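Quick setup: one chain, the form predicted alone, written in structure tokens, and binding and motion questions come after.
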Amino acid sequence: MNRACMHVDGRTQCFAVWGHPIGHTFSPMIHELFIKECGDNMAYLAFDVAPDALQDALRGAWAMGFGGINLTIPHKERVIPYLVGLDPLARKVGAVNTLKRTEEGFYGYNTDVYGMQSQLRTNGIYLEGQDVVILGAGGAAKSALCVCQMEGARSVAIYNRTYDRAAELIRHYEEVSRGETLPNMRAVKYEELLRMPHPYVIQTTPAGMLGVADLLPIPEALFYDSILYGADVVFNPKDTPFLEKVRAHGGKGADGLSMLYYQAQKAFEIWKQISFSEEASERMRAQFLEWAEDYFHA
């Protein structure tokens, strides 16, 4: 597909995505579609921001008038102390991927939850009453746990290489969700993970990501035998080793491209205080997926 053209002049309002590294990002392509759809004088850029430069970068972006910033690894949790406030969902999840400019500074939101929820539904994966396994215990795992609660999952088992980190994630989530209806949650160790039923699996680790040494979050082939539905947050490559294993063993796999698109859409809507129609959203998502397909086969 043709790339959208962003006209830049002295009145252009800038937005950005920050990460470390950032060379793999697809976010500028998605936001160019939104900018073209709205016809606004905006530009969306990508910057490699090292963790120890995050606070200085925030000060500089606010001083230069940036309207909003998306954050990816490793900034989603580190940024919180530098913000003037958090949206209730971001506070609950404990991770931020979208910043919006205010007069006092940047305010934090989490749109990953919406992105993952939409990714699952778009692929016909419904968690209500189901037993779910989450692989990983980082920022994306926190979003996945929130999605499981919102979708009405019956139980959630979290596996992480460091068991204590998975247990701490659950303890924190229970604390911030007092008084709410929660799925049965527990951390599991490797041996239990392999033995227990796990028809629904959400993969939130970097395993399989371009440039990451670990190709699979779980190497044992038998783990994939009982997966009916597997979703991966990794989007580059589109067909991760995890998804290939799930499909090879008869399960259905949902790649991370739709999650990436939907979380970006929600961020843009927060910045511009608009809501795209379903028709416009799906038309732009199809354009993005077409571009991604060409990218991966180039």
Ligand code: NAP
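Throughout, we count residues from 1 along the sequence that is shown. Please read all numbers here as calculations on a predicted model, not as lab measurements.
One more form of this protein, predicted in complex with the ligand, exists but is not displayed; see below.
- In summary, the region of this chain contacting the ligand in the predicted complex, judged by heavy atoms within 4.5 Å and restricted to 37 to 45, 257 to 265, 53 to 61, 239 to 247, corresponds to 257 to 265.
- With the partner omitted from this view, the residue of E192, E174, E104, D214 that lies near the ligand in the predicted complex is D214 [heavy atom within 4.5 Å].
- Not one of P28, K100 and W271 comes within 4.5 Å of the ligand in the predicted complex, counting any heavy atom.
- Looking at Y229, you'd find every heavy atom of it more than 4.5 angstroms from the ligand in the predicted complex.
- The closest non-hydrogen atom of R161 lies within 4.5 Å of the ligand in the predicted complex.
- H198 falls outside the set of residues with a heavy atom inside 4.5 Å of the ligand in the predicted complex.
- Remark: S118 does not count among the residues lining the ligand in the predicted complex, judged by a heavy atom distance of 4.5 Å or less.
- Shown without its partner, the chain has V233, V234, F235 in segment 225 to 247 as residues with a non-hydrogen atom within 4.5 angstroms of the ligand in the predicted complex.
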